[in-house]
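Only one chain is shown below, in structure tokens, and it's the form predicted on its own.
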Amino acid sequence: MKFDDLGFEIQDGVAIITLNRPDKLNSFNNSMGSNLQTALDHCMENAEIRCVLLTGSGRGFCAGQDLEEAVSGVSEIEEHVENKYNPLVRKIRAIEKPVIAAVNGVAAGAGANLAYCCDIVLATESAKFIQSFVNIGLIPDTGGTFFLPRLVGIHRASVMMMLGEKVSAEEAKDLGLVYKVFPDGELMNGALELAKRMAQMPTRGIGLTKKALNYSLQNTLNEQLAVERDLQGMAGLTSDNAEGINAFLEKRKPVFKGE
């Protein structure tokens, strides 16, 4: 798959997607938004892909919406949200494979919230996370008002969204928004190492875990217990479950196939 504004390659079961508008800090225009949706669809459908790694080129991860396009009358703001950002969030959450965000620089507005809806977030030391919507009189979108309060609590989310202050990578880690912080220049090596390790893990079980977590965001306890029962039944029928049990009994390392 080849795109002008998006890098896409597969290494050892890992789909590496690189937002590629470095002169615009990888801010979204309609083309890049559409191409990212296409790439995510391919990740969902391709059995060879067992982990997705999302990052940016240059010195930024994603600066959110390309404001030059936004003010040019290309489409109404509701259409941008409904047709560009909402599908990205839904696809990332629907992919029953781990999605890792490797935040290599500034992640602002929709770019920050795109990272937060991924399963695991990594960052370089110089990365900054900014809820920049307030600076142009807008509200957070791209799932920000859904995920951020659940990650940091409603009070802290209110501060971040209403003040629009920069959050450093280390601060984001302390808040639980980032799993690991890497020295500048070492992020992609660390991110690829983790992604390739996850691509050798029981993908179906991970996917069902992700599905359970999605349900947990809205279920009652009893509803969630029923979800766990049903999904555990599905996980128990996978070949990876059988392989994991056999490997344990035979005292060897399991070889998972993601099935």
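Computed from a prediction, not measured in an experiment: that's the story for all the values here. All residue numbers are counted from 1 along the displayed sequence.
Beyond the structure shown, there is the form predicted together with a small molecule, which is absent from this document and is the topic of what follows.
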{"query": "Heavy atom distance at most 4.5 Å to the small molecule in the predicted complex, all of Asp66, Ile77 and Gly109", "finding": "yes"}
{"query": "Candidate stretches 195-203, 228-236, 215-223, 56-64 - the one whose heavy atoms come within 4.5 Å of the small molecule in the predicted complex", "finding": "56-64"}
{"query": "Contact residue in the predicted complex, from Ala94, Leu138, Leu151, Met162 (heavy atom within 4.5 Å of the small molecule)", "finding": "Leu138"}
{"query": "Proximity of Glu250 to the small molecule in the predicted complex, heavy atoms at 4.5 Å", "finding": "no"}
{"query": "Leu25: touches the small molecule in the predicted complex, heavy atom cutoff 4.5 angstroms", "finding": "yes"}
{"query": "Tyr116 within 4.5 Å of the small molecule in the predicted complex, heavy atoms", "finding": "no"}
{"query": "4.5 Å heavy atom contact, Ser132 to the small molecule in the predicted complex", "finding": "yes"}
